[in-house]
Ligand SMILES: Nc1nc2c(ncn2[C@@H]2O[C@H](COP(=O)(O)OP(=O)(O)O)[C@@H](O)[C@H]2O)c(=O)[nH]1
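Listed next as structure tokens is one chain, alone, in the form predicted on its own.
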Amino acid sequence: MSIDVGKIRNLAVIGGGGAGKTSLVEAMLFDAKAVERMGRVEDENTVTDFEPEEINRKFSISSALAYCDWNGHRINLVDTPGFINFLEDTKCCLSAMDAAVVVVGARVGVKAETGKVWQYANDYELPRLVFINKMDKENASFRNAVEGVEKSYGVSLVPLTVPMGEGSSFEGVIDLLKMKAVTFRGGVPTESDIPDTYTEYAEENRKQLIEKVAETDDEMLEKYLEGTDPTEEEISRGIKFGTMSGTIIPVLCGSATVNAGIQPLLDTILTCLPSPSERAEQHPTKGSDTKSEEKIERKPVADAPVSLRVFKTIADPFAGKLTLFRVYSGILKSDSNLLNTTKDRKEKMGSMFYLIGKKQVPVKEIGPGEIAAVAKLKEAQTGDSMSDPGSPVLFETVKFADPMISYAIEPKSRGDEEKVGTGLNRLLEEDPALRFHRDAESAEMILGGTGQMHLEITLEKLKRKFGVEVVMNTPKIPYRETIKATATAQGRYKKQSGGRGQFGDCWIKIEPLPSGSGFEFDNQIVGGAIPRQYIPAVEKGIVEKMKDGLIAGYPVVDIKVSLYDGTYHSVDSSEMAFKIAGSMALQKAAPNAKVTILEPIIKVEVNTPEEFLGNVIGDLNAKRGKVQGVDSLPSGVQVVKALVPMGEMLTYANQLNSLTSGQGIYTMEPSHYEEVPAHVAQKLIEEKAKAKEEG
């Protein structure tokens, strides 16, 4: 029997690294009796951090699913990563949620990553609550944390609970709706009257709460201005309306590790955050009809055709692939035959289950709004849509950012190349932020990701799951060569051996083309100076020489070659001879053509707190970067835009971390090619010569 859609809450727990998201999920599961004992990150026994790489590092690397039942409702929770290297996973999971709980540390406040996940929640227009965590830690400050969120994101928070004491004097919370003090001994809440020392503080916050809630409803505001306080029911209704519309962001507080303030949060999730049906009323789930290509809406009702979307994949070499999905309409049963509308391939659903971390709870059918997993689907990948074959629908998929950093990798043991490729392709299924390909120029295997830590952890998983070790090398920068002047040259190849000889002779003119033009070949031969059948061979020889480079071994681009004269021998000439002649002609023309080396330039955007702005700009200038401008966000964060040579940015993730005390984040994308400075060109030419000697 599927769960009543009105009794479901689907939410992601998001925030910066170290805010305590995993601990909060653990406390919620424990208080709702979904688990018998409350684990701790330090003890390496939490429900949602179960991968060895997470246990060793004591932070979340991959999103994990769990659920609990609270007051007759099903709460589906996704514990998401908060560190910058793993936020693409967070973004993908948020796309399948109806709401978010943003966790902010009472001591540290908002971090650069908090801003990133906050923006993701904005992109999906998700209602959210804020939970100020770690109120029991030294230097905790509820006010500073709240003001930090308000200032950073230009929002107004509405406290529903406020702390009694902070740091070592933290005693519990005050529930501003009930106007009761709540203490938590062993996690068990006990309500009592508010102590005299907190009465004025509580009344002041209650007044602010009522004022902000009254603003959501004209009738309530009129009553309030006439001196009549709204009832608790009216306040609750106003908070939900404001939360759903985004005009109110409720904030609660507590400490996950001592299990304080968690039950009020669970209650608020039920009263303030939307069910799938309420969410669909405001933000209908729309996709494309694959037959007519018209937009269609899928409502979260049981009697609609089945439709779902995959939001995460877990690769396991033993259990096989695990596919996590959300049902948007209809009732899905085990052994159903579905159409993967993204790939236009049929899939048969196997055993389905709910997940609590890595624990699997078998289930026979999944209703609208529910989240579950299925094992061993053949085709489905993250982002894919699946639906009833008779009523296909294609939902919009998540777009992942391009890699920030790439490394060349090679297996430690010879002959393991195939195992590396197989293992990484499996890991790509569960981590769409990875990129893997074999470079056509260098023949290197290139692994790209969001940062060095991302790649290192990927290779740890490769070793653990698929038994193959690799080493990372700095990848070759895709430099190019081009010419700046026109030149002519003769390529004459003559070889006499015992029998038939080889003879080819051609004259070419080379001239530069505008950037991005590529290669142009102009056949100007008249009167049969070179027979027609040998002209393609000349071009082929030139093209092959262009691939090898003229001065430093990099492909030549943006060049026009005109073949205007030559001679041939009726017996000794051949395609091979003219191919070699063409190659020789290009090489001979090079010294007079002012050959230069081009380097790829990337467009970089760096988000940094203002205090580190000088450091960031100075470092970009030292990298031969050209700062294009600096924008200020409402939060005070500075956005530096610059064009920087790719060769200077290979290890930028670690450098920026050091420059900004871990608070800077950046994005980059390819821009164009530019001529390298003379000293860089000389170094590249010398490296080529040295490699030739050694090779």
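A residue's number is simply how far along the shown sequence it sits, counting from 1. Owing to the predicted nature of the structure, the values given are computational and were not obtained by experimental measurement.
Although it is not shown, the form predicted in complex with the ligand is what the next lines describe.
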Among 637-645, 650-658, 35-43, 624-632, mark the stretch whose residues have heavy atoms within 4.5 Å of the ligand in the model of the complex.
-> 35-43
Non-hydrogen atom contact Ala581 with the ligand in the model of the complex at 4.5 angstroms | no
Though only this chain appears here, would Ser307 touch the ligand in the model of the complex if you measure heavy atom gaps against 4.5 Å?
-> no
With the partner left out of view, is Ser255 within 4.5 angstroms of the ligand in the model of the complex by any non-hydrogen atom?
-> yes
Taking 4.5 angstroms as the cut-off for heavy atoms, does Glu278 touch the ligand in the model of the complex?
-> no
Partner-contacting position among Asp267, Asp558, Asp136, Glu347 - heavy atom within 4.5 Å of the ligand in the model of the complex = Asp136
What residues of 1-31, in sequence order, lie within 4.5 Å of the ligand in the model of the complex by heavy atom?
-> Gly16, Gly17, Gly18, Ala19, Gly20, Lys21, Thr22, Ser23
